[in-house]
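The chain below stands alone and is given as structure tokens, in the form predicted alone.
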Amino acid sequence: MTEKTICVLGGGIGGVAVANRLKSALGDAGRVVIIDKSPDHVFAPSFLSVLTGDRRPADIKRPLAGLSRKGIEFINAEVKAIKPEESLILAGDEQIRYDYLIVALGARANLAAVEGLADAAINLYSLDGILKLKERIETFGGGEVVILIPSMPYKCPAAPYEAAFMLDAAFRRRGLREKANISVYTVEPLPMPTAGPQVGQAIKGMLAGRKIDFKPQMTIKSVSAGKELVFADGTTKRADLLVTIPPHKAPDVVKAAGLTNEAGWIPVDPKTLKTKFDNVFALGDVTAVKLAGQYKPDKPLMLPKAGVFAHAEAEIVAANIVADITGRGTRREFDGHGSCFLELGDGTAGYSKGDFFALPHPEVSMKGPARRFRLYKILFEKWWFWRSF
């Protein structure tokens, strides 16, 4: 059997998962190459554990070069060009020809999309931002705390609400809670709207129980150097501590390759993750997976951008490429099932799971809060590193 080259762009959850499954199944029949500009895989679901001090940055990183012990090649370079018509990748000074391509480059922060946001706010979705927020929590003396969700879609829909609960818990431990007013300003109608009104109302109730103000359907216009937020309806809000979910966009290189739709994301077949190009797949946060089920006919829903879906999609893509190359195994389809933990900052967590492909709309339920769900999240991190590296 002639060796096939499978090129994986991106060393995040989806990229690492698909590379592992492919190499394990193909052995010498497949050359598996991961390309990423970062030398490390960083396990983003544990960012908030760094915020609480339960993890150090080094605890949630692994060198991607370490995948070589499994026979996976790693090229530490920025992807400069994707040429699907030529089956060619330009990365750094190298040219890589592929038989199969998997784009798992994720979403990029686009703080410049909102005037003044980059200078005024702490980015919750970067490790540097997490460390800055940790320091601010330890020195904060009181005032207005705002968590801002300026646009959709964004990665890990639970994270901003987890951050709100963790800030509440941290200020209570320091005896500062009565001096800290915490608010969530979001463009969403409810927390985690794709999960449906039942889950959204449950989280809204948890916020109210902690005296965290929830301000829905607020579109940010600009932020001043003095941390005054100006919204599209003329409302203003001053923040002493401003934490933001960055606006997201796909990497420019995938747009230049002609892979994206009008919204700037890569549309894929929801069940196979195939793109419009032969033997080119995309998975994880860089994709746009339209859901057939919807709550409002005039506003179609999209599959949330979350690691659990990137992981599940990786399994499907790997199985089908292996079947294609070897003629063995069973072809599979992504079924839209996913789950999510919601940390509450007091040693407990909620747990939601459901079928996002269900009709007439996604069917998602939430359990908890309970201490065992937080334990499950910690154990998953340990399992992930053990199995992946």
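A residue's number is simply how far along the shown sequence it sits, counting from 1. The structure presented is a predicted model; accordingly, all values stated were derived computationally and were not measured.
The form predicted together with a small molecule is left out here; the points below concern that form.
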Of the residues 196, 84, 106, 129, which one places a heavy atom within 4.5 Å of the small molecule in the predicted bound form?
106
None of 45, 30, 354, 345 but one has a heavy atom within 4.5 Å of the small molecule in the predicted bound form; the exception is 45
The small molecule contact at residue 125 in the predicted bound form, heavy atom, 4.5 Å
yes
Determine whether any heavy atom of residue 310 comes within 4.5 Å of a heavy atom of the small molecule in the predicted bound form, and answer yes or no.
yes
With heavy atoms only and a cut-off of 4.5 Å, decide whether residue 38 touches the small molecule in the predicted bound form.
yes
Does the 4.5 Å heavy atom contact test between residue 155 and the small molecule in the predicted bound form come out positive?
yes
Want to guess which of 360 to 368, 321 to 329, 30 to 38, 55 to 63 is within 4.5 Å of the small molecule in the predicted bound form, heavy atoms only?
30 to 38
